[in-house]
Ligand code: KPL
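Before any questions on how it binds or moves, here is one chain, the form predicted on its own, in structure tokens.
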Amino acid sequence: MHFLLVGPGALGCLLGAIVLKGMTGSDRLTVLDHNADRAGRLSRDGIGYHLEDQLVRFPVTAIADPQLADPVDIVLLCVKSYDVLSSLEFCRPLLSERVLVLFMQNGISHLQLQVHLGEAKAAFGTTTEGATLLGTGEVRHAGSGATYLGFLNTPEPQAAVGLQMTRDILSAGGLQVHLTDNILARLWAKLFINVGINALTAILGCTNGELLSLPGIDRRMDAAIDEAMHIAGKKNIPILDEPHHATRQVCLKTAKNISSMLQDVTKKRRTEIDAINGALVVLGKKLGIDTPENSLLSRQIKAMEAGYVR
């Protein structure tokens, strides 16, 4: 099984390290990065996987030209939601009918983009694992969680086998991974958590755990989640877990973790607000549902982005 990792950020490096831990026999992983300098550093230094006080370094081959890649079986697409389309175009020479692309984005804006895969097949994943990028190819496994993989539509047999093998390798690498027949509900379950945590931590500059101790923030968290639940109900999307409790549990389990959105604003990068809280605002308007808290969170994050000193 040949895995191609696209997007060596925090989640990408975490999943890359986990795949490298879990591989056996002829399995292999290649990193494809549009940044040639970063690809060179990854090939030279590998992926550094930090867990508590331990560091394990995994050698990896990284390339910046998709034409240099051998035929692949699984593409782990770990880029930000707003980079999905450009990344799929970059990978297009590799996207044959035998390839399975596993989308691992936050939010829900990427769910309609499988039409851009050509003959390749699409699967979707979501995880509550915590990951913090410490530097190029250096990732801290900042909290354990659960990972779900599945298809939005009935898969072809080869795609189903590919996803099962991906699940097996990730499990062998140490993750708690489940295949599900209702990945859409799982993606929304993660959306509820992202809606309640990410923007607030970015605005307040706090860790996930600190959200639970700041006065009044629990009300904003609950309001944002309530709006998301209202929209999910209108769209007949099953709510698998109690979202308020699940969000607080993630805060506790990843108490010291810095959310991806806080990492982005700290480094003055574009955030995924449009795919998370912003996506709910758009859906709310279409469905006639008011989303005052998610609208406020979106405006606050957009104002922070606009204030970056370039």
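For clarity, every value in this text was computed on a predicted model and none was experimentally measured. Numbering starts at 1 and runs along the sequence shown.
The same protein has a further form, the form predicted in complex with ketopantoate, not shown here; the description that follows concerns it.
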Inset, instruction - Specify the contacting stretch among 88 to 96, 156 to 164, 196 to 204, 229 to 237, defined as having any heavy atom within 4.5 Å of ketopantoate in the model of the complex. - result: 196 to 204
Inset, instruction - Determine whether any heavy atom of V250 comes within 4.5 Å of a heavy atom of ketopantoate in the model of the complex, and answer yes or no. - result: yes
Legend entry - ketopantoate contact at T128 in the model of the complex, heavy atom, 4.5 Å: yes
Inset, instruction - Using a 4.5 Å heavy atom cut-off, state whether T271 contacts ketopantoate in the model of the complex. - result: no
Inset, instruction - Would you please decide whether R186 lies within 4.5 angstroms of ketopantoate in the model of the complex, comparing each non-hydrogen atom pair? - result: no
Inset, instruction - Please pick, from H110, R140, K190, K121, the one residue with any non-hydrogen atom lying within 4.5 angstroms of ketopantoate in the model of the complex. - result: K190
Legend entry - Full three-residue contact with ketopantoate in the model of the complex, heavy atom 4.5 Å, for S81, N277 and S298: no
Inset, instruction - Using the arrangement in the model of the complex, list in sequence order the residues of 86 to 106 with any heavy atom within 4.5 angstroms of ketopantoate. - result: N106
